[in-house]
Ligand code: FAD
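One chain is shown next in structure tokens, namely the form predicted alone.
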Amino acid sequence: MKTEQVDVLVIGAGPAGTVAASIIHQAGYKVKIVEKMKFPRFVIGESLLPRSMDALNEAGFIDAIKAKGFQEKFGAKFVKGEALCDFTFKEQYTPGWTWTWQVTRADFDKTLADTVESMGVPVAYETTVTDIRFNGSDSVTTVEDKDGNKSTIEARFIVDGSGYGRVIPRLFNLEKNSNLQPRKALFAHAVDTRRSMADEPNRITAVVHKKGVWIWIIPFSTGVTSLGFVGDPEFFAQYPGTDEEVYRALLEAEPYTRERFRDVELVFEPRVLQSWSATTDKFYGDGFVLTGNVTEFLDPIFSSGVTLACVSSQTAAKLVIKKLRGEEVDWEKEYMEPTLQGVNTFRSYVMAWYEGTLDTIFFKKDADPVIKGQICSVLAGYVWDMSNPFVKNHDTALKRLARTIELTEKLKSSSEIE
């Protein structure tokens, strides 16, 4: 059996894997990526956040992405009936990038993988990890290509950025259920001929269809728009018919999408993604680190997936470099804790979204610009800025603010009656 030796084996050629591979490669180490799929391949997670730009920039990917002409994104808009809340990233509290992109992930991920390959990092596509054996931090990984040929890769360290594949958690029984409620998404790409150019296409729009059910609208620079419904599986069960019949019935049922997307041409038949939330107890071990969706994927709302993937890989890569240099690494303090800080902050916002807490905050008239800017920073992905009270106190600040708003409006209504 053929054996190859590298410093670092990276599992997965998505944003998590390529960001880590690039940063480690730039430090002078021999890196190899193995990827189960053939690229380009479809995946959701099409709206990025500004915080991801730091990692993409350090990985050396910005110029290659710019050259693809993806749709620039400057904010996020939330709609509920006639109410509207518009966040513009330039108003965010935390200094940093104030724009990013909305991308077709097949093209975006292929761009990152091609770029890292052009730097000198080999990418083995259609290659599946079948076994990993650790000897301390050293490892021997058995892989199998599409033709059934097996080989081994000896590595000093492994970065698992395999996304939904969750290679190491599955091989070593590290998986556990997320505390988020299982949900379902029904989505497609539509030829968006009735798109308004007044506030489109430079932001994502999230429409509250009813409590616990929402719609994402992500315009691309090609004139195509990604459009998806998210809710409890029981919600979709009330609509009979094929996935496309259900999808078109939902478009017709929502006033915001009815006229714009009536009889719209679909690029592909609607697809279903269900029960996506999963996590693991440990994001690292002797000889490996988990990055991106392998750690935990939360929910499509707030577009946290690619940002957590890029930032966790950016952090992990620097720690792997320290480890290879013989320096001490406190993985709990330097990786697990900050990664959980980001994940848990987004988790609080995801839960507040589905509970309706954020409806109270987002759709309040005459919102406090300071508070709005602080919340805008979270929506931009700056979930590690502990000077922001809506990051530091993410688990309590939103509920406290919503209660204050509700009480103030109640008192105002009482005074008007009197």
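Quick note: we count residues from 1 along the sequence shown, nothing fancier. Here the structure is a predicted model, which means the values were calculated and not measured.
Same protein, other form: the form predicted together with the named molecule, not shown, and the subject of what follows.
*Asks:* Run the site superposition, bring the named molecule over from its position in the predicted bound form, and let me know if the shown form is open or blocked under the 3-atom, 2.4 Å backbone or C-beta criterion.
*Replies:* Site status open, zero atoms under the 2.4 Å cut.
*Asks:* Please pick, from Y335, Y93, F157, W216, the one residue with any non-hydrogen atom lying within 4.5 angstroms of the named molecule in the predicted bound form.
*Replies:* After the contact test, the surviving option is W216.
*Asks:* Of these, I153, L250, V167, A190, which has a heavy atom no more than 4.5 Å from the named molecule in the predicted bound form?
*Replies:* Exactly one listed residue reaches within 4.5 Å, namely V167.
*Asks:* Would all three of L273, P300 and V306 be in contact with the named molecule in the predicted bound form, where contact means some heavy atom lies within 4.5 Å?
*Replies:* Checking in the predicted bound form: L273, P300 and V306 are all within 4.5 Å of the named molecule.
*Asks:* The chain here is shown without the named molecule. Which stretch in 122-130, 76-84, 252-260, 238-246 comes within 4.5 angstroms of it in the predicted bound form, by heavy atom distance?
*Replies:* In short, 122-130.
*Asks:* Against the named molecule in the predicted bound form, would A16 count as a contact residue? Criterion: heavy atoms within 4.5 Å.
*Replies:* Yes, contact at 4.5 Å.
*Asks:* With heavy atoms only and a cut-off of 4.5 Å, decide whether A352 touches the named molecule in the predicted bound form.
*Replies:* It does not: once the named molecule is placed as it appears in the predicted bound form, A352 has no heavy atom within 4.5 Å of it.
*Asks:* Is A21 close enough to touch the named molecule in the predicted bound form, meaning at least one heavy atom pair within 4.5 Å?
*Replies:* A21: no, not in contact with the named molecule in the predicted bound form.
*Asks:* So, in the predicted bound form, is T225 in contact with the named molecule at a 4.5 angstroms heavy atom limit?
*Replies:* Taking the distances in the predicted bound form, the answer for T225 is no, it never comes within 4.5 Å of the named molecule.
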